[in-house]
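For reference, the chain that follows is the form predicted alone, supplied as structure tokens.
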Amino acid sequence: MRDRLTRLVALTRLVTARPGDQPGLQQLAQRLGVAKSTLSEDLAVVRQGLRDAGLGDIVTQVGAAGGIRFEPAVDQEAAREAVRRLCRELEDPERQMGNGFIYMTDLLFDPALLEPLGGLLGEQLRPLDPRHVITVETKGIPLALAVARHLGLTVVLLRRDHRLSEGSSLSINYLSGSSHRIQSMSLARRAPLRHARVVFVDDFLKAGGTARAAGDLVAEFGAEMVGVGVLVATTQPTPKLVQGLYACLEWDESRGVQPAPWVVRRLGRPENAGGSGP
């Protein structure tokens, strides 16, 4: 590509399209038909443009396995709007189901809500250096995918029951901390979790029984669950059964739904976001 402007646009697309990928300088130079020295100059321009626009950063990894990795930034205004809308929607009395649960299935499959909040959770979970995102079917899947996209990781799905199509699996029974019922969870033995650091992502957490069971299950593979990210967590009971919990929203039966303190610190309190604030 002889035209530099065209090359800069193409380079930006190649670097940012798949966060977590690490294309090498030589690979990119060949793709764009330029020398590595020219590519390095172009890369500096793209990096500065992304930083100035608050869209993310390009990190250069050195060594034989190194390359260029894009780390996307959180779209703060989109995240604020997602928090505002979720708080408003979840305050609707018709969504209160009793027994400490809220109906939110329709909201969980709205990319406009889940993508920015997945980025927000991913920002908190990145320092834990996870290698996979794990979740339990099915309502946690959209948020887990949003977090995984932000981190450039894959999602490993824990099943509620064994599937013959996945071959042999390991299953455990556990006591749900919210429903106080015995439930099952299984993971295919072929799951790529051997000795990996993982984060658990789900839609809702009350006591944390499911999250703790997920940690127990992956531990059988030699993996370590280093953090938990959820969309909504109840303030009670406390303490929770897991450590390292990040919940975007907190639900209290007396105060309603409001942003978690760490979200307020990160975004400020979105207007009409519910609650009186920390």
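So that there is no doubt, residue numbering starts at 1 and follows the sequence shown. Quick caveat: nothing in here was measured; it's all calculated off a predicted structure.
One more form of this protein, predicted in complex with a further copy of the same chain, exists but is not displayed; see below.
J.: Within 4.5 Å of a further copy of the same chain in the predicted bound form: all of L170, K240 and V263, by heavy atom?
T.: None of them does, since no heavy atom lies within 4.5 Å of the partner.
J.: Within 4.5 Å of a further copy of the same chain in the predicted bound form, heavy atoms considered, which of L128, A196, C87, L145?
T.: Here the answer is residue option L145.
J.: Could you tell me if H180 has a non-hydrogen atom within 4.5 Å of a further copy of the same chain in the predicted bound form?
T.: Flag for H180 set to no.
J.: How about Q48: is it within 4.5 Å of a further copy of the same chain in the predicted bound form, going by heavy atoms?
T.: Yes.
J.: How about S184 - does it come within 4.5 Å of a further copy of the same chain in the predicted bound form, if we only consider non-hydrogen atoms?
T.: Contact with a further copy of the same chain, no.
J.: Find out whether any non-hydrogen atom of W251 is located within 4.5 angstroms of a further copy of the same chain in the predicted bound form, and reply yes or no.
T.: Flag for W251 set to no.
J.: Based on heavy atom distances of at most 4.5 Å to a further copy of the same chain in the predicted bound form, which listed stretch, 221 to 229, 37 to 45, 240 to 248, 207 to 215, is the contact stretch?
T.: Answer to the contact question: 37 to 45.
J.: Just to make sure I understand: among 158 to 173, which residues lie within 4.5 Å of a further copy of the same chain in the predicted bound form, judging by heavy atoms?
T.: R159, L164, S165, E166, G167, in sequence order.
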